[in-house]
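Presented below, as structure tokens, is a lone chain in the form predicted alone.
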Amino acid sequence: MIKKPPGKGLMAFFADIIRWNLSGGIVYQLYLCVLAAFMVLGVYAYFIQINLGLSATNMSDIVSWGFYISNFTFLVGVAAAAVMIILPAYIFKDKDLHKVVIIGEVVAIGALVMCLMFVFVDLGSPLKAWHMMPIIGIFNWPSSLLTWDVIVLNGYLALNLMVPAYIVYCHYNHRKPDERKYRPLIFISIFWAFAIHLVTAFLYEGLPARPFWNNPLMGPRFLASAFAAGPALIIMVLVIINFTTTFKIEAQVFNKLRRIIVVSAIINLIMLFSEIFKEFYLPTHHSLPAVFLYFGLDGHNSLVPWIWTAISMNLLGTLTLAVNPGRNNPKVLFPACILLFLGVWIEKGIGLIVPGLVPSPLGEVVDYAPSWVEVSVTLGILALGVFVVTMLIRPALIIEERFGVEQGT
């Protein structure tokens, strides 16, 4: 017989969450300490940035968007990819994916927290954040696409917080969630997931002075790469959960996610090679950013090894997942997903942002590499995202395993 939880109110709910998150073995405690150390490093580096301004980074008048915005752009896709689990789980009643849908939503929450933090640190000074607040700041809505991006990111974060929180709280109290209360939010979140990445793509695509970004394939390719890298990260999280907890994931869950990744990754590669063909078959002066990225320009070739490594990772990861030599064995899927995830991260991060800015409209060519301040702040934000995911997944799994199983949801 399942033991009833020690209270039904919100206070007892949050008290149990805190207790579950703080309890654990020595390995878990060391893991939390490592995350805390990276977050402290990030805060230290950010204070240096506050004192010196963005001169503490290697960004300049030419490369005004660097490592922060690169990670922001990539992580928006990771957040949007949760829809690839939400859609079949809630709309098509897929029982296999329904078991892990909350994990996908939690990964989206962690990605969105990191996205917002990357935008915040890219402002330079925290006092500039008030400009992004409705009514208080100069929001420039609806004319500014950046304003739309702020709206869709915060809206999607709210949706991904409300739905799983309601379901988990109902399970905690041994109640079956009322679909009439959360299903409308599910439909909204599905369309919202596409919106957050399309709006981000339109931010770049709508700049005619940047020919590398002014590409009609930008929006669809953003979605394709997101639906490849996001589920790849979710598989990695599921593998870790499978080997470190008593919450076991069935093989068919890995197989369904693998198929989603393969289709999306192949579409992403087709679009990538289509863009390469357009740039190099009949090159013009608008092809200079692509030349800078793939082959170097005027002796500046710092990105060349990175982009070819990313393409190789994309190809190898996609091929491994498509052939599926381990027959959905997590030990084979995990490294393949890492390869694909890192490949998309490089190609969609630095490989997208910096070439869009180099050469400048005046033809200036510079090399860019993130400074130790940028890297440290980035590590701190990534650690924060992992911490948020850990703090949400751990109690959710405990509640689903102990209290939600009898509800059959």
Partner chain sequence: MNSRKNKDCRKQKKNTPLQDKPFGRREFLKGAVKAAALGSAAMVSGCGTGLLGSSEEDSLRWKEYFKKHYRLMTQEEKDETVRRLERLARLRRGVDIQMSSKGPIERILFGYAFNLTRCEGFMECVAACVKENNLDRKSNTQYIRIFEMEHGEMSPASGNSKYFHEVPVEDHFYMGVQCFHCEKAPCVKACPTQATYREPDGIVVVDYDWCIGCRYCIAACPYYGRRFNWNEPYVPVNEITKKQHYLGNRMRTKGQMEKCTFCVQRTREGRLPACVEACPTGARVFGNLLDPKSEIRYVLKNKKVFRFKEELGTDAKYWYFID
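The structure displayed is predicted, hence computed values, not measured ones. Residue numbers count along the first chain shown, from 1.
Not pictured, yet referred to below: the form predicted in complex with the partner chain.
With the partner chain left out of view, the stretch that reaches within 4.5 Å of it through heavy atoms in the predicted complex is, among 206-214, 324-332, 182-190, 241-249, 206-214. Checked against the partner chain in the predicted complex, the residues 375, 54, 384, 369 give one hit for a heavy atom within 4.5 Å, which is 54.
This chain is displayed alone, yet in the predicted complex one of 269, 319, 304, 145 has a heavy atom within 4.5 Å of the partner chain; that residue is 145.
The partner chain is not drawn, but in the predicted complex it has a heavy atom within 4.5 Å of residue 132. Within this chain, residue 124 lines the site of the partner chain in the predicted complex, having a heavy atom no more than 4.5 Å away. Looking at residue 138, you'd find a heavy atom of it within 4.5 angstroms of the partner chain in the predicted complex. By the criterion of a heavy atom within 4.5 Å, residue 175 is excluded from the residues contacting the partner chain in the predicted complex.
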